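In the block that follows, a single chain appears as structure tokens, in the form predicted alone.
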């Protein structure tokens, strides 16, 4: 059980049988009365967010969350198939549940799958992934449009801004947390 003194940004709690993560937290102590804890909560299954204020006497359950290392196998339409690396059990996670993670998933990549009551609700990617450029338009020297970057498309279909010297066939390191180009990868 959690109490209001345990509340902080990033804490996962269970409300009404669903798992929530605290995305923003504010403590206030009015002159009279109990302390108030204003939290921004995001449902970890649906993604819906809302504000709720708690009093110092409130208590919260810990959600039944677990993480398992799984390997991404393939995508078929909006279904993404993963395999548990220990039991070889396969699961399907829908595109809506994965969100932006679909931009960085490549075959055989190992990820941590978050499970709520043994039901998959999301994945944690490695911080950096190496992806191959499949489309890069040539950069025109002297282009004074104001930026020294150009868009390229990587093997997952994700479009990222890179320096003008990047060409098709090169491997790039991309930060999965921000979606930005980091560096070229030497083969």
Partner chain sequence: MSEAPGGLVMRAAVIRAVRAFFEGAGYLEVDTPLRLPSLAPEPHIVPQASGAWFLQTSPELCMKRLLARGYPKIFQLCHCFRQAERGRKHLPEFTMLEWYRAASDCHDLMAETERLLGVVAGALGSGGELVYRGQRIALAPPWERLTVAEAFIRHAPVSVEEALARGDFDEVLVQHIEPRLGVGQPTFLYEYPAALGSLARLKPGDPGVAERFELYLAGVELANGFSELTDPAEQRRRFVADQEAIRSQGRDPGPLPEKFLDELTAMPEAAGMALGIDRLVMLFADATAIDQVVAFTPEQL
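This is a predicted model, so every value here is computed, not measured. Positions refer to the first chain, counted from 1.
What follows is about the form predicted in complex with its partner chain, which we do not show.
Taken together, 151, 160 and 165 are entirely out of contact with its partner chain in the predicted complex: none brings a heavy atom within 4.5 Å.
Residue-level contacts in the predicted complex: of 49, 36, 65, 134, one residue has a heavy atom within 4.5 Å of its partner chain, and it is 36.
Comparing 124 to 132, 28 to 36, 151 to 159, 65 to 73 against its partner chain in the predicted complex, the single stretch with non-hydrogen atoms within 4.5 angstroms of it is 28 to 36. Proximity of residue 55 to its partner chain in the predicted complex: non-hydrogen atoms within 4.5 Å are present.
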